[in-house]
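Have a look below at one chain only, the form predicted on its own, in structure tokens format.
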Amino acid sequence: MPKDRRSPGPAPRPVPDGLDDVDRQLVQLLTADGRMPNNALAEAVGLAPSTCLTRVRSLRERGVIRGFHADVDLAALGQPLQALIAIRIGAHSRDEIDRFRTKVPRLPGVLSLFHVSGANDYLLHVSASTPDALREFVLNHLTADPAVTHAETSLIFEHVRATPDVRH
């Protein structure tokens, strides 16, 4: 048994947010590489593979890990253009917000929808094949929506994905 392997016995006491140091290490490793094999995860954090699998399953069941996703090259899929679109909604009725939140994530090219504070109500992250396709998306799906009073598009020149530091 490696000398850094944890001894059997009660699990370490969780920190106030419900995650102990091992949970944080597992999340950090899986954030960096969601396909990391369980045996490698277990070795990296000093757990038996069965215990590691139980820990990861618990993180998923508690909603700490919500899923595993592929980092896709949008240009390779014919969608080289990305933009953030700031959107203002006119009527802030619950029904209108719910309709907008349900509709927009299903539109073609939508990558993410963020409900934000400030002058705008939403930020929409989209991809498109060409500037014309992006313009048509905005005209057909956003400015044509009676709830939308303002849509301002900013092109993304570069997107660098951060690796969250979950140790703290």
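Residue numbers run from 1 along the displayed sequence. Remember, predicted model here, so these are calculated numbers, not experimental data.
Here the subject shifts to the form predicted in complex with another copy of the chain, a form of this protein not shown in this document.
Using a 4.5 angstroms limit between non-hydrogen atoms, T31 touches another copy of the chain in the model of the complex.
Not displayed here, another copy of the chain is kept clear of A144 by more than 4.5 Å at the level of heavy atoms in the model of the complex. Although the partner is absent here, V116 sits close enough that one of its heavy atoms falls within 4.5 Å of another copy of the chain in the model of the complex. Taking the partner from the other structure, another copy of the chain in the model of the complex has no heavy atom within 4.5 Å of any heavy atom of L81. Only one of A48, V110, A44, A133 lies close to another copy of the chain in the model of the complex, with a heavy atom inside 4.5 Å, and it is V110.
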